[in-house]
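Shown next as structure tokens: one chain only, the form predicted alone.
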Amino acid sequence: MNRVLTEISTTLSRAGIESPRLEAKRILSFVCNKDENEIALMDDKLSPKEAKKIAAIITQRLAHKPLDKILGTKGFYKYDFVVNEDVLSPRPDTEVLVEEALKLLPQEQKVKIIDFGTGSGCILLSLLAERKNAYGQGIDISSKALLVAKKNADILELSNRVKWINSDWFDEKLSELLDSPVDMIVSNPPYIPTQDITSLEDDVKNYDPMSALDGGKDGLYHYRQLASITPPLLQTGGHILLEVGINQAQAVAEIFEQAGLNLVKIVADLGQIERCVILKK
């Protein structure tokens, strides 16, 4: 399959697609239903059906539709998640939040977690998959996003340990729907300043839901919302972990400190960008 792999890689590369060979392997793996490590060992013969399917995928990719939205899945942390245009595609940068949360969650003790703006459920479900005695509640204003999250919970066999809540964060009835106080709150809220949305890559601004991107004029609108409602939901000694955008960590920390929480630390992602703010009640 080396010839086909090279042809697809070259086509993607000419269109300015990053990591073209990696994407080519993913495409072939998906279409041929083979492990990516097996692709190079296969012969170069494609069935007409396979060739047609590959051509359709490449056409969409050249239009800058993200590959995960085309194939319908995205790897995140240790798991594969169903994604579509109703949810934000999971980013590797967010994995640092999961890793830091797991350091704080005991292995055997029963714990309760709330995920604000759960989207595909990738953060919350990754935590539940790693902590067998954890119980989760995922909140999202989008009912379509929650359908994706529910599907992911079913696939990972976690549906019996998670509750999905379709609600605005300021809904007066939200506190009645939540089982609180909880041991941990996690969130990757929208944090792109409104004026920066137009400068985002087409892959993002045209295919991720705008409600998962737009953080208001300064990008901090949703953090202020969260700071006003989350402290009472936490147990004493409980933690909140927040993903933040570039150069936002200090400002977000201050917002939550003013709400009565204590900064534990700020953690950088693999690109050395301050990405995760951790506070404690």
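Numbers follow the displayed sequence, beginning with 1. Fair warning: this is a prediction, and the values are worked out from it, not measured in the lab.
One more form of this protein should be noted, the form predicted in complex with glutamine, which is absent from this view; the next part is about it.
Across the options 157 to 165, 129 to 137, 207 to 215, 144 to 152, residues that bring heavy atoms within 4.5 Å of glutamine in the model of the complex belong to 207 to 215.
Scanning I192, V182, V96, L71 against glutamine in the model of the complex with a 4.5 Å heavy atom cut-off leaves one residue, I192.
Among residues of the shown chain, V82 is not one whose heavy atoms approach glutamine to within 4.5 Å in the model of the complex. Contact check for N188: a non-hydrogen atom falls within 4.5 Å of glutamine in the model of the complex.
With a 4.5 Å cutoff on heavy atoms, K110 does not count as touching glutamine in the model of the complex; it lies far away. By the criterion of a heavy atom within 4.5 Å, L88 is counted among the residues contacting glutamine in the model of the complex. Although glutamine is not shown here, in the model of the complex the stretch 230 to 260 places heavy atoms of just one residue, E243, within 4.5 Å of it.
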